[in-house]
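Only one chain comes next, encoded as structure tokens, the form predicted on its own.
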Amino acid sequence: MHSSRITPYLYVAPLVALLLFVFGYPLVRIFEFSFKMVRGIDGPWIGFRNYELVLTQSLFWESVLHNIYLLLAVPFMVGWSLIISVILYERLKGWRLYRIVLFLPYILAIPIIAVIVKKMFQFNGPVNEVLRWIGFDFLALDWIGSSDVALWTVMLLIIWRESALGIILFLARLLSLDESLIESAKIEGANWWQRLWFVIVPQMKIVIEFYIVVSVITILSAVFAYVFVIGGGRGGPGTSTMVVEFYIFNALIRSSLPGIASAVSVMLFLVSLLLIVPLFAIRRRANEEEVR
């Protein structure tokens, strides 16, 4: 009996060892570097000095503020994904084709999508040309070149691409729902919005919570490619699209300050870790509901 309990762990032990080597060792080194003045491959121990330097830099706090602004995209991503998934769930003509088209941006690499969007949103690009053609000249903005607008252009790109994941997640959940409840609501005279809010959303609560947490983690720690392309590789114009990931990149690659980059990476890792905990709680609650 005792050996049978150990057997499953023996099967996964090689993979766990590989993951610890690939991810665990670099993580330990990053924590170590964050307490050192690294020059080359190592350096003297300086305690919390790197953290103190980072927390007194206005550029770091500007980067954090930009990440917080981008978090405003999450409600739009959730709402858009939910509405589109419900429309697809109602199986309008060609819904399978629409599903593929909507998910296509998520399959393509972010730099490819960002380059296309950057071309489209140039001052004399297709988007502004269309706006001028239909008489909305006041909306023909310098989407990429203006420091007041560039970050919001990045947000639009994030909403468009990352919503694809939400659509697929929500649609998968919708296809597993008990349709009798929705049909009963129709018979009772509930309109489309009432069915969505009072019947569908309560049954999708777990998936929505999961998607919210994933989206927040993505925006905090996985938007570098968006900013790098849209901001011309500099987080520009000026520092208008500088985010925490780009701050780490500049500290490590352009300023050759591994200690500073490691300190910011550790802080970003700890914040992301705090957000991962709710994912496990949501998953555990979902499993408990499935058992019931």
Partner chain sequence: MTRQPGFSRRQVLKTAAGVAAGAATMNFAQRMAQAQSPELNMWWWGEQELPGLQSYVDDSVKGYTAATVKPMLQDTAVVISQFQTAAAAGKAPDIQFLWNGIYHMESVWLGYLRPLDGLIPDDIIKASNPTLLSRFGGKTYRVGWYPLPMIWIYNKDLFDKAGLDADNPPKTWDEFLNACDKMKAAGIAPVGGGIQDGYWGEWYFGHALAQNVDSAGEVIQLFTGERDFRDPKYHEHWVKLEELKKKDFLNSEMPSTDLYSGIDLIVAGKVGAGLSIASRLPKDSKTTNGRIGTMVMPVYGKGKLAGRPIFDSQGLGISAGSTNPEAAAKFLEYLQSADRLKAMYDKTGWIPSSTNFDVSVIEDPAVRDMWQKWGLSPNIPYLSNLVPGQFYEQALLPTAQQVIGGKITGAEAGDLAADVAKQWRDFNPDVVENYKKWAADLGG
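Computed from a prediction, not measured in an experiment: that's the story for all the values here. Numbering follows the first chain given and starts at 1.
Omitted here: the form predicted together with the partner chain. The next part is about that form.
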{"property": "Option from 165 to 173, 147 to 155, 81 to 89, 206 to 214 whose residues, in the predicted complex, bring a heavy atom within 4.5 Å of the partner chain", "result": "147 to 155"}
{"property": "Residue 29: touches the partner chain in the predicted complex, heavy atom cutoff 4.5 angstroms", "result": "no"}
{"property": "The partner chain contact at residue 257 in the predicted complex, heavy atom, 4.5 Å", "result": "yes"}
{"property": "Proximity of residue 195 to the partner chain in the predicted complex, heavy atoms at 4.5 Å", "result": "no"}
{"property": "Contact of residue 180 with the partner chain in the predicted complex (heavy atom, 4.5 Å)", "result": "no"}
{"property": "Sequence-ordered list of residues in 113 to 148 near the partner chain in the predicted complex, where near means a heavy atom within 4.5 Å", "result": "118, 122, 123, 124, 142, 144, 145, 147, 148"}
